[in-house]
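Listed next as structure tokens is one chain, alone, in the form predicted on its own.
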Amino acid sequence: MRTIAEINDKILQGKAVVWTAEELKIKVQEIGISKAFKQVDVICTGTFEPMESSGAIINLGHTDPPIKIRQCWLDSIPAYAGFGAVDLYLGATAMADYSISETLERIPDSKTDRERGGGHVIEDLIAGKSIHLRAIGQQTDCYPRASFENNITKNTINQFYLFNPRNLYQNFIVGVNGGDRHLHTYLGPLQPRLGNAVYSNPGAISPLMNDPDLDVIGIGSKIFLGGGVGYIAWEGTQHFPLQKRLPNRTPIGPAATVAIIGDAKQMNSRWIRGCYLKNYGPSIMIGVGVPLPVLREEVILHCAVRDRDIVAPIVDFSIPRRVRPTFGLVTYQQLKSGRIKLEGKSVRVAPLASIALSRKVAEELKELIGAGKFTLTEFVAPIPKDRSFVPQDRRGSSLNLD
């Protein structure tokens, strides 16, 4: 047994041994689990993938005279203003409604303008760019101002931090299209008649795949978030740790998630990118790295899992239901080969996550820890392991609206 305090002492002294998850997997093949445990102190995992359940909390600061904002647009993208007078939440998937151009006072300049969403505004603010603010207020005795316009940057506002309700899916699905019509999905375009397949999770280097039972991370664990420091704040929405699992404890489909938080003013737009999925909508790609403290030998055992040892379900998006038919399970080793076989047909496969940038996230985190610039934290509470998945079906009603 080791403690995080002991590991932090080694980090600050420049004596900690830090490996990426990929390096650990190679080492285990060479020297075995027990010898690897004796050598390494921290294992760095990483991912860079779309995380649409994300957004930013922004406090603008009070105007003179004050305004109680109830509608607000940042570069024509609506931000939620149902908080205090000048607190906003900008969702990564928020998009402008140009059908009400008289409210927005402008028409989109181009197709690219229409594809811009909240994630792009967040990226631009992190990059130090100026964003146009337009706000409409509810006039009261203490907030008499009716409207306000200004240009803001991250240096002219108070708080600007990411709070992402659902990130780091422990596993996800592989999307295919068995129908006759081209589909535009949250995994990107799916071609008809099993023309392609798309997967999202980066596989064996993904953070929660290497701590499948959430034993060494929890609420309060410090992480690399968007190039800065972040923390695991809570279980994520749709957290489903009771997913069926293989004997190595990795889940066979979407399972655990976490909510994360971090100061966006300290982040780098290299690791926060607004993106757009054609005919689906805007989103955001985020680089997240999770350091796993090697407290006991079981940590090495779980981190030794390889792409050939983990699977994802192949789901047919041509059936528009919550529960869709599947073509069974496929290993991440097969997915990363670029081809899988479905119904006797060789199908092209591509990742939605950037495998290359996922590796770089883990490598950058390793460098920070090795330089003594990033220490670990004890978690203050475990992430729950008993959450079931509750669908939103109608209950207690005789109405049939199908």
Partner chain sequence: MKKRVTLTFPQTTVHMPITYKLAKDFNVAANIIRAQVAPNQIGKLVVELQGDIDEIQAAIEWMRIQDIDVSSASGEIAIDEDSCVDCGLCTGVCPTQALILDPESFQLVFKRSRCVVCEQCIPTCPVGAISTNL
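Not measured: the values here are computed from a predicted model. Numbering follows the first chain given and starts at 1.
The form predicted together with the partner chain exists for this protein as well; it is not shown, and the discussion that follows is about that form.
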Ala350: heavy atom within 4.5 Å of the partner chain in the predicted complex? yes
Mark Pro212 yes when one of its heavy atoms lies within 4.5 Å of a heavy atom of the partner chain in the predicted complex, and no otherwise. no
Residue-level contact is defined here as any heavy atom of the residue lying within 4.5 Å of the partner chain in the predicted complex; does Lys68 satisfy this criterion? no
How about Gln191 - does it come within 4.5 Å of the partner chain in the predicted complex, if we only consider non-hydrogen atoms? yes
Looking at Val299, Leu88, Leu187, Val315 here, can you tell me which has any non-hydrogen atom within 4.5 angstroms of the partner chain in the predicted complex? Leu187
Which of Ile26, Ile33, Ile57, Leu357 has a heavy atom within 4.5 Å of the partner chain in the predicted complex? Leu357
Which among 161 to 169, 317 to 325, 141 to 149, 196 to 204 is in contact with the partner chain in the predicted complex, heavy atoms within 4.5 angstroms? 196 to 204
Can you list, in sequence order, the residues from 277 to 310 that come within 4.5 Å of the partner chain in the predicted complex, counting heavy atoms only? Leu277, Lys278, Met285
